[in-house]
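Take a look at the structure tokens below, where one protein chain is shown in two forms, each on its own, as structure 1 and structure 2.
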Structure 1
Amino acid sequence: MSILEARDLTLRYGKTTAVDRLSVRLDGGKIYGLLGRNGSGKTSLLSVLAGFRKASGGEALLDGDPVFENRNATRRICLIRETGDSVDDDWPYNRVRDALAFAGEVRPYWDPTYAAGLTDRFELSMGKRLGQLSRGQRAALACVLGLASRAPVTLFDECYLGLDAPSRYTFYDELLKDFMEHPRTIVISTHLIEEVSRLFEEVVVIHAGRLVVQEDAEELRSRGTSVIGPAEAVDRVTSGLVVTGEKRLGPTKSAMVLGEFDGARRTAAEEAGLELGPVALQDLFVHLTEGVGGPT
């Protein structure tokens, strides 16, 4: 399985730092969620990892080899951007079937039969002009191009966002089915967490171009605890813990705590009559990416 890695990676556009000394290692054979708010650097990071852009500093590596201008690495990576990156409309061969044929020529692991089946599933007609595709149809084509590429490393950059609900479910079903039949590394970037999070085995959260957390999705789900009760008791029980969010309503306070809420603390909280509860992944994400140190 291919290992994709960013080492101390930096990407600057003029004075803007989009990716800031970020290190992350994606072991093969998993579905990853790359989570970050708009402008957090998701697209920039994926572009460098796929070899579309040259890093300003640090390295992007596939199995230890630099990705940039390395055909042996880039042929194994498929980055699908929201636009689908397909052939131009003013080209004479500008229909859906031409886009698939083109992918068949440039993608070494392309499966044309699977691509045709997917095109049917998404109700895309082969003869439709690319310039006349609706936003949803363009997104569907992007999903087809990514799935049928069967690339050992496939990166979907928010490409499914334009799909309507039934088509999104089709995408999730096909993605899971094909991943189980042909295990490979898949990265899905998104800022909409609730619906897709169950597809992920591991989650990478970035903010302001930096890594915030990389963790097993299920572990992350059980990582936060909310503590509600009289303010003074809440403060006492949560002292020494990482408190990511606080709200007050009169004498009552609610605090969101990260990390293990161990047995002794739990007992103390219960004895003080505090209410303990879990934190939803979406809320955890909001708190992890709120006011965390931006680039300086």
Structure 2
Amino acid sequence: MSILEARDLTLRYGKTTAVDRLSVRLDGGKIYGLLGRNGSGKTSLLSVLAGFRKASGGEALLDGDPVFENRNATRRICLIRETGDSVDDDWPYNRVRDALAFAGEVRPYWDPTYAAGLTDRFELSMGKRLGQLSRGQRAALACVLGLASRAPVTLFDECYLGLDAPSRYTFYDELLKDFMEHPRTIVISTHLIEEVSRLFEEVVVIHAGRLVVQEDAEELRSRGTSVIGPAEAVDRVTSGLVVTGEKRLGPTKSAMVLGEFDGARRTAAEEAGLELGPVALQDLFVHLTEGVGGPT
């Protein structure tokens, strides 16, 4: 399985630093969630890792070899960007079937049968001109191009945001099913954290171009506990703990608690009839990126 790495990676646009001395290692055979607020550097990081941009400093490596201007590396990486620029209206042959045929020429792991099946699932017409595709159809085609590429490293930079909810869930289901049958490294950059978090085996959080945390998704969730029940009982059981978020609806209150919820507190919570559960990944993300400093 291919290993994708950033080593002390920096990317600048003029005086703006988009990625700031970031180091991360993505081992093969996993689905990663890449999370960050707007302007955090997610798109810039993926562009360098895929060889679309040259780093201002540091290195982007695939199995130890530089990615930039290295055909042996870039042919094994597929980046599908939010802009949908993998679908070019200016091609001389600019229908859906042409986009798939072109992908088959440039993607060495391309599966044309799978691609055809995906176009049916997303209800894309092979003969439709690219310029006539709606935003949702363009997003669907981008998802097809990414999934059917079967590239050892596939990076999705929120290309599915134009899809309606049923189509997004079709994409998630197809991604997980195909990953199980054809394991590879997949990175999903997203703002729809709770919607897609079930796919993540490992989570990478960046902020202001820097790595905040890289951790197994279940271990990250275990950092906190959700406590729900009568407000007075919730306050009593969580007293003295780090409570990072609270919500209240009438007499019922929910609190997000960080740190270890020990046996004695857990017993007290159960005796008080409180409901204990895992913390939503999105709530943890908000907590981790608060007070870290804004993007430059």
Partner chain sequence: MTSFSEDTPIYRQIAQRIKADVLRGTLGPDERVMSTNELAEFYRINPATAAKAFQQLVEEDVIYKRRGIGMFVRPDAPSRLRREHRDRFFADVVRPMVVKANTIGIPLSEVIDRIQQMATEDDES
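Along the sequence of structure 1, residues get numbers from 1 upward. Being a predicted model, the structure only gives us computed values, none of them experimental. Here the rigid core means the biggest group of C-alpha atoms that line up within 1.5 Å when the two forms are laid on top of each other.
Shown first, as structure 1, is the form predicted together with its partner chain. L274 shows a C-alpha shift of 2 Å or greater between structures 1 and 2 [criterion: core-superposed Cα displacement of 2 Å]. Relative to the superposed rigid core, G224 undergoes a CA displacement of at least 2 Å between structures 1 and 2.
Summarising the core-aligned comparison between structures 1 and 2, the C-alpha atom of V243 is found to shift 7.8 Å.
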